[in-house]
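As structure tokens, one chain now follows by itself in the form predicted alone.
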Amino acid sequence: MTAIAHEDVPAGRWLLRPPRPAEAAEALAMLTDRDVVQWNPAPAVVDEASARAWLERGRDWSSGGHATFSVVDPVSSRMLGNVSVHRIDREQAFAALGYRVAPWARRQGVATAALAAVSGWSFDRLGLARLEICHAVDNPGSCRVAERAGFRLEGTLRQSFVYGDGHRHDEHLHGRLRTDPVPLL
């Protein structure tokens, strides 16, 4: 695969940028939050050193298989969450998206803006035609975020993923095509 060049992407009031090691304390706080541990865990992150290593892995886009962005406040540079384009398949023009929002940034539209922005970037810069998001049916907030960011609910995957509680959960599958209307945020 071809390496993906780093770039910053505007996302409404926020900015998507490649992760920085200096965000380790904020990443650790986000990744150890109860809701993140349940719905989008990173179990290897247990301290600032492992959070820094996690950020460095996210920053390495050289394989061309993923592009991970920190979502930050452009004024304070505070990390508000992250969004990742992963499982990139250039031949099929497909990728999956995932995201997390720090507890101090929830209910402000951060996830919706980040997903909408990274979707546009994925279609324009990577030439992708289809993007998918899967989330646990038991996490209705993620359903609302996906729909607001222009992803259509396409179906339910039965007992498809083991989440942070160690149990298999049904998941909703949402898809967005390059040709779908751009959501009004």
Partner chain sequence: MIPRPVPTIEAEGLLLTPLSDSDAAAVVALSDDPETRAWSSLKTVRSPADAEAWIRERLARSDGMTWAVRDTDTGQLVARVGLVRIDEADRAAEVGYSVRADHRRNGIATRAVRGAASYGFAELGLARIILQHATGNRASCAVARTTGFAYEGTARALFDNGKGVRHDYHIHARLADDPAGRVPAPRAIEPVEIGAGRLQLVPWRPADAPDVDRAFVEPHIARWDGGPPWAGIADADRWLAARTTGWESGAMVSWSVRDSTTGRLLGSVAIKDLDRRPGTGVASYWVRAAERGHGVAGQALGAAARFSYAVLGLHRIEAYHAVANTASCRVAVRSGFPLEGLLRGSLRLADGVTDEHLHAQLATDAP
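Numbering follows the first chain given and starts at 1. For clarity, every value in this text was computed on a predicted model and none was experimentally measured.
The following text describes the form predicted together with the partner chain, which does not appear among the structures shown.
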Next on the checklist: Within 4.5 Å of the partner chain in the predicted bound form - does that hold for a heavy atom of every one of A93, L157 and S160?
Outcome noted: yes
Checklist entry - Taking the partner as it appears in the predicted bound form, which of 126 to 134, 40 to 48, 22 to 30, 112 to 120 has residues with heavy atoms within 4.5 Å of the partner chain? => result 126 to 134
Checklist entry - Taking the partner chain in the predicted bound form as the reference, which of R34, R152, R57, R144 has a non-hydrogen atom within 4.5 Å? => result R152
Checklist entry - Quick one: does T179 come within 4.5 Å of the partner chain in the predicted bound form, counting heavy atoms only? => result yes
Next on the checklist: Although the partner isn't part of this model, could you tell me whether R13 comes within 4.5 Å of the partner chain in the predicted bound form, counting any heavy atom of the residue?
Outcome noted: no
Next on the checklist: Taking the partner chain as it sits in the predicted bound form, is G164 in contact with it (heavy atom to heavy atom, 4.5 Å or less)?
Outcome noted: no
Item to check | Contact label in the predicted bound form: L184 to the partner chain, heavy atom within 4.5 Å | outcome: yes
